[in-house]
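Only one chain is given next, in structure tokens, and it is the form predicted alone.
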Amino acid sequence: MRGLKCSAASFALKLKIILVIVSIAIGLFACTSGKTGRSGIVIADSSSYEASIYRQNCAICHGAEANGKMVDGTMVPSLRFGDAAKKSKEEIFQQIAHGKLPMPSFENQLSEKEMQQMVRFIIEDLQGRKYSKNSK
């Protein structure tokens, strides 16, 4: 009978150790996975022209890595997932060009080419979706 108590206690200890290790692994994954989009781009590390435009014009509201953030009590959405990931190229372009409260218009700050570059950047680099020049 004594041998059964030891093996049950030993099993419980091993199970607890396994659960702790799994919990730590999940926590580490969650901490690192939130910094990048599905495509893995880290805006802060990118030297692309589009990333520079993003840092200058968009990061203040959408966050340094486009994951969204609170601004004056309003949640500014992520550009990587959620509703933004469901928008078409044209919808994203119109949002950038003309704005939609509380987002301002950028048609007087960015050229048409720069706005198109930002659409591609959002769809392909931030969201990891397929970008086609010919599709809407």
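All values reported here derive from a predicted model rather than from experimental measurement. Numbering starts at 1 and follows the sequence shown.
Beyond what is shown, the protein has a form predicted together with heme C (HEC); the following relates to that form.
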Checklist line | Joint contact, Tyr49, Ala51 and Lys130 to heme C (HEC) in the predicted complex, by non-hydrogen atom at 4.5 Å | finding: no
Notebook entry, point to check: Does His98 reach heme C (HEC) in the predicted complex, with heavy atoms at most 4.5 Å apart?
Noted result: no
Margin query: Can you work out whether Asp83 and heme C (HEC) are in contact in the predicted complex, taking contact to mean some heavy atom pair no more than 4.5 Å apart?
Written below: yes
Margin query: Within 4.5 Å, heavy atoms only: does Cys58 come near heme C (HEC) in the predicted complex?
Written below: yes
Item checked: heme C (HEC) contact at Leu79 in the predicted complex, heavy atom, 4.5 Å -> yes
